[in-house]
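This document starts with one chain, in the form predicted alone, laid out as structure tokens.
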């Protein structure tokens, strides 16, 4: 692979993620480690969404439901006294896969805006089921008293160890997605995205291919949900709300759809802006509004929205696509 700006940025991002715990320990600030752990977990969810949306053309507006399903499996088992990660995590994957199978089997019989609305409807149904679970906190959510236990193998309570577990899961997810999209299966999925009718005419059962892809994506997102529940020690129906699915879509589009590292880049950029904008605005803009008692930093989304719009308008293909165009212009 030729060394260009695109691959250099991806390599530097991976290196930076590997060194985050070292840097956090050096400056004695665990907040950075916590933020980066969240970035890594949501990058797993965004990568799984990119598999169906970027490569498969299936725009799911209910993908965050699997975050909640995976998280609630961990939370409910912990509430009932089952803390073993060897039980919690496989069950989170299985339950997420079953829900993805049911949702996908019905949703994939439609196309376009109908597919979007059906996935949204299913996600909201699951959201309201979470709200109705009074035994497990209902709308207030469920506090997880103890993280998943793996005996003496892994200490999930150690922040740096947990971060590297999440990072390993991210790298495994990227590898699995890379192998899938470059396999015969992946080529069939991408072919169905371009021309489903022609793919069926030459003998490919595109419905089964897309359903399998949908289930794989839901399962991976369920893993992200299990990790997120362990990270926050808390799970609530808000994780499954349609706005969280919208955030995942923004992360994928911002980074670049149908690219391997695009979702990771988009997640890091989106969450970095989410953390940095309120701080920067509080230091630069808020002082001018102190006499009026208004704090513009509380409305930082007003700045984030136009920034995302500029990326969509002027960086076609997201950040990864922008870097690719710059790389193509570089003299060989």
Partner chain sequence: MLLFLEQCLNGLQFGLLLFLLAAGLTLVFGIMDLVNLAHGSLYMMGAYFGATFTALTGSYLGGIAIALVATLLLGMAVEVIAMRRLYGRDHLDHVLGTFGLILFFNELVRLIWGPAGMNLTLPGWLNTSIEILPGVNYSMYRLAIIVVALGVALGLYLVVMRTRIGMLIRAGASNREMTGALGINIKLLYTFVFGVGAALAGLAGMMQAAILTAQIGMGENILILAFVVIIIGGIGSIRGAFIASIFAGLIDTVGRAVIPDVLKLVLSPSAASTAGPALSSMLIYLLMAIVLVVRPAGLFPAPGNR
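Small disclaimer: the values here were computed from a predicted structure and weren't measured. Residue numbers count along the first chain shown, from 1. Definition used throughout: the rigid core is the maximal C-alpha set that superposes within 1.5 Å between two forms.
Keep in mind the form predicted in complex with the partner chain is missing from the figure; the text below concerns it.
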Classify residue 288 as contacting or not contacting the partner chain in the model of the complex by the rule of any non-hydrogen atom within 4.5 angstroms, answering yes or no. no
Contact of residue 30 with the partner chain in the model of the complex (heavy atom, 4.5 Å): no
Residue 134 near the partner chain in the model of the complex, any heavy atom under 4.5 Å? yes
Can you tell me whether residue 161 touches the partner chain? I mean in the model of the complex, with a 4.5 angstroms heavy atom cut-off. no
Would you mind picking out the stretch of 142-150, 244-252, 90-98, 161-169 that comes within 4.5 angstroms of the partner chain in the model of the complex, counting non-hydrogen atoms? 244-252
Taking 77, 215 and 232 as a possible spot, do all three reach the partner chain in the model of the complex with a heavy atom inside 4.5 Å? no
By the heavy atom within 4.5 Å rule, which residue out of 154, 120, 260, 238 makes contact with the partner chain in the model of the complex? 120
Considering non-hydrogen atoms and a 4.5 Å limit, which listed residue (35, 277, 269, 59) is close to the partner chain in the model of the complex? 59
With the partner left out here, which residues of 111-131 have a non-hydrogen atom within 4.5 Å of the partner chain in the model of the complex? 113, 114, 116, 117, 118, 120, 121, 122, 124, 125, 128, 129, 131
With both forms fit on the core, has residue 285 moved 2 Å or more by CA between this form and the one not shown? yes
Once everything's superposed on the core, is residue 294 shifted 2 Å or more at the Cα between this form and the one not shown? yes
